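Next up: a single chain in structure tokens, the form predicted on its own.
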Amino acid sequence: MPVLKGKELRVVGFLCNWCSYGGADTAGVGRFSQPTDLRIIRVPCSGRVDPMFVVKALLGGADGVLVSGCHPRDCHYSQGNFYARRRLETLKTFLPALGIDPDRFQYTWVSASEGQRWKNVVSTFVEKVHQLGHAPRIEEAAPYLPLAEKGDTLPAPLRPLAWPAAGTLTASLEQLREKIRAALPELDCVIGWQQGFDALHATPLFMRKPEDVDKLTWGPLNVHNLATYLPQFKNRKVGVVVKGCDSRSVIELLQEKLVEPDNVRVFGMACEGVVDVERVRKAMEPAEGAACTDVAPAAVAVEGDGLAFEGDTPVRLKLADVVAEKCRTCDTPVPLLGDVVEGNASAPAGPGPDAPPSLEALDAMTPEQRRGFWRAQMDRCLRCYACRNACPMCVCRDHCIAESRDPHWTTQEGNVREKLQFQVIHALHLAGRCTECGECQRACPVNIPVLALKQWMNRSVLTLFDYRAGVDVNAVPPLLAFAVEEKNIKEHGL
């Protein structure tokens, strides 16, 4: 019978077959009293427990989740629990981003001979879950949209954003074009940018002939991260033009051997920030009561720290007012990797902010508000997967969990839980890999700030493992490695 008073809660336990499941069996044979709230799922090893198991259980209605495996250095598969420790600790620091109390999840180690320890572990954890009560459901949260209330107020950029004078910019661009023409005979194509369907947009350009190079443009409208296309050219020689932030994605792709270094030529130029096209459109909309005009300008000219829009009513906007959010905290304006790198960028004006704007907004919320925030955002999600398709690190699209029925991670139901489940899985897959290029958020047709989830995850990885993705091509992503003695992870005892 239960050792705790009150109604039973739903607690899920993932137990290692060789140790913790044996420990639970030993506790049963010894007739130790245990709470009956726990529902045990036996797995071969704690290293087999994907963080998605825990998230799916918590979003699906579990009031608590316990993972238990062999003690470190005593794993039946030698290293499984070392990998599990890193993944599960990272997950524990990520749960608050969703408004989930991290105390509802715990992991620990119990051997097959430790029946008494198992009894203490499960009793302590279940008692803690009882103190927390039933877990609040994301579907029941009151919608909360603080970002809409704050309007367009954003912090000042880290650097004084100002593009070079037109003549200097043209000279640097022409030098880049010449070097691309010289390299083109050895490459299948070089990916860059060209003028889009109107003056406010640039689109990807695939240069295969010398005359194509003349179409190459450079400036604050080059918003796409062209590294997204590189995995599609596997085993083919290709060049790519990159900004500083884009170069981090190329580094990460090389690091994970998703592209071959001998098959990629990188052409870089210094960047002084790219615009948020939606902000530009909003800034150019006529005032209330004024005559309606087309917000797409006839031409756009770069004028130092501003953009001049020619049309029926000429408009000049300061770049700092319409720059993309990622550019406000960018500290890599010059590509970190490149066979060719042209131009220079301004130095930081001062110390950077503690966190990007969207992450700061998420930090300021209470857990209840975060649940309401994601409830409101996921209500608007179309499940178009533009965030996934634009991500340079999403390379398993043919086997994406969003479209797979084996395993069946998500359904096609249009409810909040299934949509959030996909976004959380996306963030988990990018843990220690996301370069914060912002393509997921830029591509979203309804402007959901999904980048905030990746930024929270990146902060957790940086805190735990002192690692930043896309900086060192020879580094190993932290969740693909382990240390016997972890510097910032304390052993969890219950």
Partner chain sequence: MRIGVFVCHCGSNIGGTVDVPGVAQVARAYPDVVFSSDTMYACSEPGQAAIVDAIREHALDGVVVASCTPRMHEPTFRRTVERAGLNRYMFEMANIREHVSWIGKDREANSNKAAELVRMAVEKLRLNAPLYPKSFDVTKRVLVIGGGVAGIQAALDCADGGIEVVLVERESTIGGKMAKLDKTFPTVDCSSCILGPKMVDVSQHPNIRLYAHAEVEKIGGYVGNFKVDVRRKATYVDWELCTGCGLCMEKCPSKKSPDAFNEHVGVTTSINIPFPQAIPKKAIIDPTSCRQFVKGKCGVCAKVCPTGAIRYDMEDQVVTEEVGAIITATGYDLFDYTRYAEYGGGRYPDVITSLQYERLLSASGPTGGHVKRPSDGKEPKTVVFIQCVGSRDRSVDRPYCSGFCCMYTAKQAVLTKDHIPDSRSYVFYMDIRANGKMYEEFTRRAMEEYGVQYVRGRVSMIVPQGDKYLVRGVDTLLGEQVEVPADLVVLAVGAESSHGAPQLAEKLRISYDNYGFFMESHCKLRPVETNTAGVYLAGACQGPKDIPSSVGQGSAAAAKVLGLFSRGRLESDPQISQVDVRRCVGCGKCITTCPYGAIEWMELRGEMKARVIETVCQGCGICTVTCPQGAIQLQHFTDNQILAEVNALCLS
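The model shown is predicted, which means the values in this text are computed figures rather than measured ones. Residue numbers count along the first chain shown, from 1.
This next part talks about the form predicted together with the partner chain, which is not shown.
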Partner-facing stretch of 187-195, 208-216, 253-261, 299-307, counted where any non-hydrogen atom is within 4.5 angstroms of the partner chain in the predicted bound form: 253-261
Contact at His134, Lys419 and Thr463 by the partner chain in the predicted bound form, all three, heavy atom at most 4.5 Å: no
Proximity of Leu38 to the partner chain in the predicted bound form, heavy atoms at 4.5 Å: yes
Ala320, heavy atom within 4.5 angstroms of the partner chain in the predicted bound form: no
Contact of Thr168 with the partner chain in the predicted bound form (heavy atom, 4.5 Å): no
Contact label in the predicted bound form: Pro51 to the partner chain, heavy atom within 4.5 Å: yes
Single option in Ala386, Ala376, Cys400, Leu337 placed near the partner chain in the predicted bound form, where near means a heavy atom within 4.5 Å: Cys400
Heavy atom within 4.5 Å of the partner chain in the predicted bound form - qualifying residues of 411-433: Arg417, His429, Arg433
